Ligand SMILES: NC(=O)c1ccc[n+]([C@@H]2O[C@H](COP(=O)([O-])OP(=O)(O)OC[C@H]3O[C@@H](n4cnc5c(N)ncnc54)[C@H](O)[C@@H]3O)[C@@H](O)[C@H]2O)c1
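Before any questions on how it binds or moves, here is one chain, the form predicted on its own, in structure tokens.
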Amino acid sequence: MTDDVRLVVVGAGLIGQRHARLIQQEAGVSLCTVVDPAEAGRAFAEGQGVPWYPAIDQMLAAEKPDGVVIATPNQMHVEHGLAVIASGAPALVEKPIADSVAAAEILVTAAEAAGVPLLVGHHRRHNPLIQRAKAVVEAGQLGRLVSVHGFFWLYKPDDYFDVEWRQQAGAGPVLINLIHDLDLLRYLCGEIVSVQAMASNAVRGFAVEDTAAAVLRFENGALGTINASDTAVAPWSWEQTSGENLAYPRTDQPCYMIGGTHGSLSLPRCEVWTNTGARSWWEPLHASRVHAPDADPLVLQIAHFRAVIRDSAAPLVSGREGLRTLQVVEALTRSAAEGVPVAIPG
């Protein structure tokens, strides 16, 4: 179709391949090429029936895509993002936006100066469940937010760490997993302005943490806690509770709880708890569920990227938003290392 948005996927790892396959399946978008330096990347491109390039500069010299999905290793996001922005094509960069806040600033500033849309792949925001939860909070059903808690507890099997980089700093549950949870808490509850954290590698002894916990202070005065471990056999994580990714067995448990002066919300069940009469611990509580349609947020993210490219939507997760979430993660990591609370610049 002539109205199809032509997309390139840069990086043919697990998430890049998933993006490419989803693009192939969705109406209104088409996969025009794959960029990856490895022979496995060439083979994947051939399997998808599209051209292959080993390097992004070669692709940009030969192709004029409508948009580019960057799914390369974190440390390459800025280099590849800058090349795409210089070409004038909108970019969707997988999370985290960069491997450091300083590097992310360079990419965001370049995109803003060029007026080129830059999106970050915090795809969970696109989940209809999260959109319904945000509507509950913004409608004031919970009253003033006072307390928040988030879980990421699951057990990554030993063979997950057979890949050496997964044993190194930056490859643990904070940057790989908790960044998603922190992004959702920001989205639902407001900006996080300071963090005090601790981390441990006591179980596996790798250079990377296997457990971390943090106290969060929100701009609106609410306090929060967030706790992550990839060495706890447990049912409380977004992966296992949301049903978002069918690769994980689903549990009927909460992983986020948001408390306010008029009610509380648990996710992903999206249960709103309120008193049936006066607000009091003596009064009965009532739970009502807010239902949302099941939908793959990665699919919705691609549809949204198309809308941004066609100038019919503003980015839900802009480069600036991705930078802000990375600032929270970097503050948490620093706090855990130095044993002090860390303020997050406004």
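What you see is a predicted model, and the numbers here were worked out from it, not measured in a lab. Numbers follow the displayed sequence, beginning with 1.
Just so it is clear, the following notes concern the form predicted in complex with this ligand, a form of the same protein that is not shown.
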Give me the residue from 264, 211, 72, 242 that has a heavy atom within 4.5 Å of this ligand in the predicted bound form.
72
The one option of 329, 22, 337, 15 with any heavy atom within 4.5 Å of this ligand in the predicted bound form is 15
Do residue 125 and this ligand share at least one heavy atom pair within 4.5 Å in the predicted bound form?
no
Residue contact check: residue 35 to this ligand in the predicted bound form, 4.5 Å heavy atom
yes
Can any non-hydrogen atom of residue 121 be found within 4.5 angstroms of this ligand in the predicted bound form?
yes
Does residue 150 reach this ligand in the predicted bound form, with heavy atoms at most 4.5 Å apart?
no
Of 95-103, 138-146, 184-192, 224-232, which is the one stretch near this ligand in the predicted bound form, taking non-hydrogen atoms within 4.5 angstroms as near?
95-103
Within 4.5 Å of this ligand in the predicted bound form, do we find a heavy atom from each of 6, 81 and 306?
no
Mind listing which residues of 179-193 have a heavy atom within 4.5 Å of this ligand in the predicted bound form?
180
